[in-house]
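This document opens with one chain alone, in structure tokens, the form predicted alone.
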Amino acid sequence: MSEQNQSIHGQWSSRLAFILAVSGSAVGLGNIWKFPYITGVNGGGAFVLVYLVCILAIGLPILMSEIMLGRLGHKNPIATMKILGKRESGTTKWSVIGILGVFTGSLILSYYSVVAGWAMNYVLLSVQGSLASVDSDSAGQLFGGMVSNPINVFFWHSLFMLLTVFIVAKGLISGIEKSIRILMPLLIFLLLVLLVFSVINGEALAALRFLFSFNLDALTGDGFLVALGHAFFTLSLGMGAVMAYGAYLPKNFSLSKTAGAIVFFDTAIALVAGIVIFSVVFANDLDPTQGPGLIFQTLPIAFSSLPLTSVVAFLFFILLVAAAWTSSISLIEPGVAWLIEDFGFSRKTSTYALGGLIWLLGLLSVFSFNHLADFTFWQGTWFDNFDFLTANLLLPFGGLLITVFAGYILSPSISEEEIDLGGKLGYRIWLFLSRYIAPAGIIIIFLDGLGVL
């Protein structure tokens, strides 16, 4: 196969491998707690309906655009957008999309690995039996003691980063694809095991009512904005990961069917996770609206009242680690591919060098909960600022540029050939969404993130 049709890193061995890889990138820590939580407090089934409309009108078109651009360029996001920008508009300035993606993904990983490290720590705590008999006070003390110990957080952050770069350094097929083929089935298996357990031992009907009751009164304007924002962020858009993975996608794989499968996996896993979590939360009369605290403080209390407490806690936090791991692999790959292709470094050198820089930057987030907890500016600690900067500024801006380029700059003859939605009508729908609906939606997300709305 010619270089014009294949990345130097190789190609995914099957469409399923690509679907699992991008789904793994999309399914992260946020899916396990955030989607179920925001669904329950914003009208249940009414929120799900609005979310599905948003993801079909905004998330899916941008996902297709980012995959398409990656497959057209067959290179890292920076080189891809430089090549496509030069060819389609006579300027290489569109490479800013790739630069933003590589920078944003690396910045996200720097603090994401800290939270993933917490999950790894809780795996150990579950094995030790430390979660077997916690109450509200001891659960809070356990979590507070964990994050306030700089050596502890430093160790788990370092271990998680080491595991991430170890996989990516082995290459596309031997490293990324091989690990994804293990981690994603493991994630789904663990989720199903926990689903059966929670249905038997928890309050599954209460969880289903919380998630799916069609409560229009609870769906406010703010709830609509939450659905809009999550529909964009849940698919890992705007951070270079999807574009980098798309560069390894063979031409003969259907882009629209592949993107649709990714959206299905992402949403289904989030909803099943919600049933698992809220079944045990409601069985113990605990507060289901605690956000991130739900994972590390509320759930350990719920697990302590169940049979096989340590086993259930172990399985759940292994599930969290697997979800975080599949996401972290995708976050570093765009930058690694850039160093290999543009600077000629080996994959191992590129991975460990970039991984080392990200690990070093992550120390600011490590110490945000202890040594640097009192050092605040702008939005708060270093951790708070990294989170705000990526979620509210960099990701929406990157996503906006992607959909504008795909909808307005890329030649319609090229995009129509790539967007295989069953003829001209399907393509025109995608083009309309990409040119008008998706940009408008992202601008709303952007303004909401800045507090303007």
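Take the two forms, find the largest set of C-alpha atoms that superpose within 1.5 Å, and that set is the rigid core. In case it trips you up, residue 1 is the first one in the sequence shown, and so on. As the structure is a computational prediction, the values presented were derived from the model and not from experiment.
Below, we refer to the form predicted in complex with a small molecule, which is not included among the displayed structures.
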**Message:** So if I measure heavy atom distances to the small molecule in the model of the complex, which of the stretches 156 to 164, 328 to 336, 189 to 197, 140 to 148 falls within 4.5 Å?
**Reply:** 328 to 336
**Touches the small molecule in the model of the complex: N31 (any heavy atom, 4.5 Å)** = yes
**Request:** Check whether F210 has any heavy atom within 4.5 Å of a heavy atom of the small molecule in the model of the complex, and answer yes or no.
**Result:** no
**S368: touches the small molecule in the model of the complex, heavy atom cutoff 4.5 angstroms** = no
**Prompt:** Is there a non-hydrogen atom of V276 within 4.5 angstroms of a non-hydrogen atom of the small molecule in the model of the complex?
**Reply:** no
**Asked** Among I97, I262, A302, M239, which has at least one heavy atom within 4.5 Å of the small molecule in the model of the complex?
**Response** M239
**Listed residue (M81, A313, V168, I108) with a non-hydrogen atom within 4.5 angstroms of the small molecule in the model of the complex** = I108
**Item:** Residue shift check between the shown form and the other one, rigid core fit, L125 Cα at least 2 Å
**Value:** no
**Prompt:** When you overlay the rigid core, is the Cα of A231 off by 2 Å or more between the shown form and the other one?
**Reply:** yes
**Item:** Core-aligned CA displacement of P36 at least 2 Å between the shown form and the other one
**Value:** yes
